[in-house]
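Only one chain is shown below, in structure tokens, and it's the form predicted on its own.
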């Protein structure tokens, strides 16, 4: 019997819901998607619970109606400045007399790494395992191998209890719809745009949304760092509104129609009408001035990311460079700015084959990634903190259309 999976992203501009059918054969087909304007979130965090709940429920209802089926369980994205990540490490010595590693050795190292408790009022969302180190060498599975010391690391992501509970309550309020798992938005986006080969060689995925930018750094095939920067497309529009002294709705239109992240001298010769109707009170400004305002904010965004990641952003360890996704990645020239600031080859991310049309919009990276994690019989190097323990295993996305 097929299972109906749902994915929900509570974004700053929109609440998004996507429905996929998981067949008994293990194929996943996206059958519907819906997005509803959300006026209850700022910078990725809920400021008006009722407005947010109304938008999410409307998106779920629309997606279910289009799918012609009720959702069985939901995968829910988490974002916001309340999320923090840190590296936890633990080690153990091999107990066997012949120095062969046993599973119990790994368990002891893992328990030590995860011994740290979050601060009061906070909880862990993910413990994402880093590569296992056996006597200073990275190994995938050391059981049965010879060595004296095991070291295990986890990228531990924690968040505010209340902020997380509010998102859970919103889903629960839609007919007590069960939540299968919570996923940090960056990890969901990274799973769908960066395949195993890219993750192994090292890649930084940056998802630029309206209110926040989420990023995930992969090294040696594992999550090495994640973060949420409270800068997104809305901040660019706000800067244009203030800098050009126009209302934000006009600033948003200017950004979309005439904006670029890079500044070219040729833009000084092109005039743009700010309101666009050429009536009394309307005026022109050079496109160069518009691009200068945008460039300043975009540069700031990538400088913040570079500072947060620090020495982990080593070109030799991140040889696949940077992938940009999210609605903000559509801004022309933003990949060139990222490349200049981060010092890494940068390109706009694409989706796996089979994802096309309206579904392939970069703003759908998170919800597509959530459904990606809904596939059965798969393996993900992470552990949840729910009753089921290990996350469902992850395989290649197949049959999505």
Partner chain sequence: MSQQTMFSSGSFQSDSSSSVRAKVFGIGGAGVSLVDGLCLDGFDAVRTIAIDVDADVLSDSIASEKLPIGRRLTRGMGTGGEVSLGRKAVDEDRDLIRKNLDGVDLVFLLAGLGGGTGGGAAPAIAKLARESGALVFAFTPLPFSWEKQRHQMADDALAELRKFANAVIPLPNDSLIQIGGADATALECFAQAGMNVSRGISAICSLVFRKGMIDVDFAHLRKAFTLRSGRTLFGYGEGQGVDAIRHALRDLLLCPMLHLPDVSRAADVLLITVNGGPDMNMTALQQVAGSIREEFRAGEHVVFGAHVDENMGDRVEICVLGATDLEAGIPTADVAPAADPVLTTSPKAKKTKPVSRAHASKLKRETAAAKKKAKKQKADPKTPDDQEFFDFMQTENQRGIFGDQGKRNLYEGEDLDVPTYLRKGIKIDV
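A quick note: this is a predicted structure, and the numbers were derived from the prediction, not measured. Residue numbers count along the first chain shown, from 1.
Heads up, the form predicted in complex with its partner chain isn't pictured, but that's what we're talking about next.
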Residue contact check: residue 234 to its partner chain in the predicted bound form, 4.5 Å heavy atom: yes
Contact label in the predicted bound form: residue 239 to its partner chain, heavy atom within 4.5 Å: yes
Partner proximity in the predicted bound form: residue 293 to its partner chain, non-hydrogen atom cutoff 4.5 Å: yes
Residue 222: touches its partner chain in the predicted bound form, heavy atom cutoff 4.5 angstroms: no
Output flag, 132, 336 and 355 jointly within 4.5 Å of its partner chain in the predicted bound form, heavy atom basis: no
Heavy atom within 4.5 Å of its partner chain in the predicted bound form - residue from 289, 149, 200, 161: 289
Contact residue in the predicted bound form, chosen from 100, 283, 116, 84 - any heavy atom within 4.5 Å of its partner chain: 283
Interface stretch in the predicted bound form with its partner chain - options 69-77, 319-327, 306-314, 189-197, non-hydrogen atom within 4.5 Å: 306-314
